[in-house]
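What follows is a single chain, given as structure tokens, in the form predicted alone.
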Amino acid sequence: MNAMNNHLVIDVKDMTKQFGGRRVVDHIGLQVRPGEIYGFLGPNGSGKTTFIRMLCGLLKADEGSGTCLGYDVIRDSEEIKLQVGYMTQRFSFWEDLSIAENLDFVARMYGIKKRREVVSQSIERLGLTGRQRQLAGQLSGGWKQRLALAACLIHNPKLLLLDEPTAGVDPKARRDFWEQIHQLAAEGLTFLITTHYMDEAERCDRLAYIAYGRLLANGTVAEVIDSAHLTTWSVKGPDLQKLTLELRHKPGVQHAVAFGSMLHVSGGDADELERSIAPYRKSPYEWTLIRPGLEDVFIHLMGQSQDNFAS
């Protein structure tokens, strides 16, 4: 089987994995279309990395079914590995080898023909020209990131699974990386990317949010925000920390969280929230009803989820 089912690059359901009697991925289903940049969000320990490893054949699911690139995720893991590029959270290349030597080694692993030509093209494509002899261990975070991406692409995969690829790099490197991602997606490559950054999530076509192994929301940014049915007020004024402590215990106030010089106060019941904040809606505070952002929604979702490692 190698024809993509219903033109979906990823089409899985009920994917489940347990370690030590704890369910770290709990019946998650996901559908990703060709050429899509799909964001995968959630706190540390939420099961994102485990899920990705099941998709690319590095871990076998305890339960679940479906396809990745048209191949059965349970039976066809070896075929999937050959057509997927997986970029891990940590830099996993040989620091005492140069950029070119690292890429040549990866090309050998995949048995790529005309290896030198392919490595040269990869170096040029990712903007590594002039640095190909530099040792990987001497690279900054942003250049290590480019090397890792080049290595993921060297065998011309159809799907890239990127696990927190921009962690630890500076803002410019993050921006440059995402420009590269959008260019590759425009050429038809499909991405599943885990991230903690809300600005990156907003650059995705669609996204999913998981916490403690469970899928809590998925869709476009607008769909995820709307599905939370959250009412949010922005507050300006002096001594917001004191106001925060007072509001957090009021009925209907599910979250009171600092956002820079402002405070975001949110709740699922608009009327109850309005009644609780009414006594505070006066000088010296300035209240504005706003559309909640992704971060408001994710804080809300986290507050509703249960830790699967809690005793």
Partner chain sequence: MSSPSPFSVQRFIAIVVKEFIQMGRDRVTFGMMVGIPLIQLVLFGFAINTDPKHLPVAVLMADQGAQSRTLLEAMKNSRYFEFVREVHSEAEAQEALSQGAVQFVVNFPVNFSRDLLRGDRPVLLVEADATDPASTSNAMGSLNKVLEQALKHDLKGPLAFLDTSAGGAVDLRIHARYNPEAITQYNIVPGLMGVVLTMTMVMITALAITRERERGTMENLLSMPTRPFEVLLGKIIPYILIGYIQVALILLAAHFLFQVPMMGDLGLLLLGVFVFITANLAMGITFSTLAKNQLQAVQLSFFFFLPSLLLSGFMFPFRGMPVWAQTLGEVLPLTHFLRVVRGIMLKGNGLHETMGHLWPVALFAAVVLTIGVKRYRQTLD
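Fair warning: this is a prediction, and the values are worked out from it, not measured in the lab. Numbering follows the first chain given and starts at 1.
Beyond the structure shown, there is the form predicted together with its partner chain, which is absent from this document and is the topic of what follows.
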Among the candidates W178, W233, Y86, F191, the residue which, in the predicted bound form, approaches its partner chain to within 4.5 Å (heavy atoms): Y86
Using a 4.5 Å heavy atom cut-off, which residue among L97, M198, I74, A185 comes into contact with its partner chain in the predicted bound form? L97
4.5 angstroms heavy atom contact with its partner chain in the predicted bound form for R275: no
Given that the partner is absent here, does R90 sit within 4.5 Å of its partner chain in the predicted bound form, heavy atoms only? yes
Wondering, does M109 line up within 4.5 Å of its partner chain in the predicted bound form on heavy atoms? yes
Can you check whether H300 is within 4.5 Å of its partner chain in the predicted bound form, heavy atom basis? no
Among 118-126, 233-241, 97-105, 204-212, which stretch has residues with heavy atoms no more than 4.5 Å from its partner chain in the predicted bound form? 97-105
Stretch 8-30 - residues with a heavy atom within 4.5 Å of its partner chain in the predicted bound form: K17
